[in-house]
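As structure tokens, one chain now follows by itself in the form predicted alone.
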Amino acid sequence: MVTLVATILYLTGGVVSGLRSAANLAVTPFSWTIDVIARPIGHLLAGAVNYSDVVAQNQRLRYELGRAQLQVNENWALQRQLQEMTTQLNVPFVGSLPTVAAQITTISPTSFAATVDISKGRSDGVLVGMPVVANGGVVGSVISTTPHGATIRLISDANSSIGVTFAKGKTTLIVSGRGVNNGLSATSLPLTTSITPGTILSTDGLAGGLYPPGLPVATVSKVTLTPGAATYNVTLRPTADLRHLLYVDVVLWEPST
């Protein structure tokens, strides 16, 4: 009986204990392996979540950067527009005559005709026959209007003609258009006239004319003489840059005034 009890105690305290220890050794490495394997997976999942956050942040940053760049571009465009307006609407030669600033909305040139549409019309006081100027000088005159727009015939148009003068009003002549990119022509100048390249021709302001006096129209770029001829050949160019018009001033002036 004593031997049986001792054997049981031995089995309980020794072999069973040993079996438990063995079981622990068998389970512990397995648990450790699971832990080691599970940890990288957890980190990977966390990384995936963080990566998504980074992508979202990058998208937001790109959006904000795009908006900032767009604002910079808009500001630059507005500054450029303001500069162009300030430059083209610089017309001190009109003196105290009232003007209406307008934007060019349509350009309709052909081989001989040259017209533009503007953003101001009868509701702004613009009437048919009124002169139109820009930086440098005369651009043309109003030939038709609507309540909120008007059409301008440029001085380069083949149907345009303007009375001009130079040499302090001592000499007058007619300047006519020759079509787009063909410059301007002038009536014959007698050899007794003193004229040189650089001479500015301005509106004569004669009674009944379409233009008030003193508005620059053209600059003499070349003076030639054909042997045996009794007059000069004069090459003229507009004082205003008709090729890059964006804004103009309509002079609120009528011949009767």
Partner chain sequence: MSRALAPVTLVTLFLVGLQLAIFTTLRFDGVVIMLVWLWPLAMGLAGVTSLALTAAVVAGLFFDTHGTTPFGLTAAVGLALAYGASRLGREGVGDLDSAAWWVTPLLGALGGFSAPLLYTFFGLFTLNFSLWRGSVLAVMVVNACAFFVLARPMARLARAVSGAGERARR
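Numbering follows the first chain given and starts at 1. All values derive from a computational prediction rather than experimental measurement.
A second form of this protein, the form predicted together with its partner chain, is not displayed here; the remarks below concern that form.
No residue of the trio Lys170, Thr193 and Thr235 has any heavy atom within 4.5 Å of its partner chain in the model of the complex. The closest heavy atom approach of Ile107 to its partner chain in the model of the complex falls within 4.5 Å. Not displayed here, its partner chain is kept clear of Thr99 by more than 4.5 Å at the level of heavy atoms in the model of the complex. At the 4.5 Å threshold, heavy atoms of Arg178 reach its partner chain in the model of the complex. Interface membership of Ile143, defined by any non-hydrogen atom within 4.5 Å of its partner chain in the model of the complex, is confirmed.
Though its partner chain is absent from this view, in the model of the complex it lies within 4.5 Å of a heavy atom of just one residue from Thr187, Gln103, Ser123, Asn159, which is Asn159.
Proximity to its partner chain in the model of the complex, taken as a non-hydrogen atom within 4.5 angstroms, holds for one residue of Ser119, Thr165, Asn135, Thr151, which is Thr151. Taking its partner chain as positioned in the model of the complex, the only residue of 114-141 that brings a heavy atom within 4.5 Å of it is Thr115.
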